[in-house]
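We begin with a single chain expressed as structure tokens, specifically the form predicted on its own.
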């Protein structure tokens, strides 16, 4: 995770609100102190209102970094996120970050990065893709959703889609798409999977990558109140080295973990 002294809690200005689907919005915030140290996989905790309603902050993956600006992808699923998406440009919010750890992209054990996402799980992928491309890695996006309306490709490149109803791309889920593409992907260089999406999807990804002996990391979702390990609201069980289970705080040891910790 980022060094503790790099985490800041600042008042950031909302620069732009851009609706990209019926329920999903890209919100641009001016917060240079966070942008300068952010890494792909990090998240921020945002107080969406200056009142106590809602009381808790909301966690969001950093979608992109552009100079002093960060973009976050927000899905309206309740009063807190809806309130945030309705903020006007020029208003301000309190933002804590960058939080959590980041995807491990420094290793030399892979040539091709397979960015696998489902629904709002594409949130961290643009920042990750740009960082990987700058390091000379080949990047391929496999994106899944129930239908074409759920596909959030945005500015991502080399995209291949999977939809449950077949309305866009491969008919089936994104793990089945990975299976159908894997032989060809291996010919393009040693692959590594980076995944984000619903936790049930991530468990399926972890299981498949374990079976195929594929290196993989997954970014998990959890309820987070504080984002810094005080409230213990984001505790999850993962495998321990002795084969049993142990509990981690996702905001401190995640949200990115080795997929082997979830493999069954």
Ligand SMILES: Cc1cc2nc3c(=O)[nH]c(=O)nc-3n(C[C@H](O)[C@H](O)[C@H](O)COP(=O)(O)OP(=O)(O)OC[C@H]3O[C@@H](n4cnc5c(N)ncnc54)[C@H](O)[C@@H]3O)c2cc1C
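Keep in mind that what you see is a predicted model, and the values were worked out from it rather than measured. Positions refer to the first chain, counted from 1.
The same protein also exists as the form predicted in complex with the ligand; that form is not shown, yet it is the one meant from here on.
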query	finding
Option touching the ligand, based on a heavy atom within 4.5 Å in the predicted bound form, out of 49, 212, 28, 222	222
Proximity to the ligand in the predicted bound form, single hit among 130, 137, 75, 179 (heavy atom within 4.5 Å)	75
Joint contact, 40, 103 and 195 to the ligand in the predicted bound form, by non-hydrogen atom at 4.5 Å	no
is_contact(residue 64, the ligand) in the predicted bound form, heavy atom dist at most 4.5 Å	no
Contact label in the predicted bound form: residue 143 to the ligand, heavy atom within 4.5 Å	no
4.5 angstroms heavy atom contact with the ligand in the predicted bound form for residue 81	yes
4.5 Å heavy atom contact, residue 123 to the ligand in the predicted bound form	yes
Options 56-64, 32-40, 202-210, 235-243; stretch whose heavy atom lies within 4.5 Å of the ligand in the predicted bound form	56-64
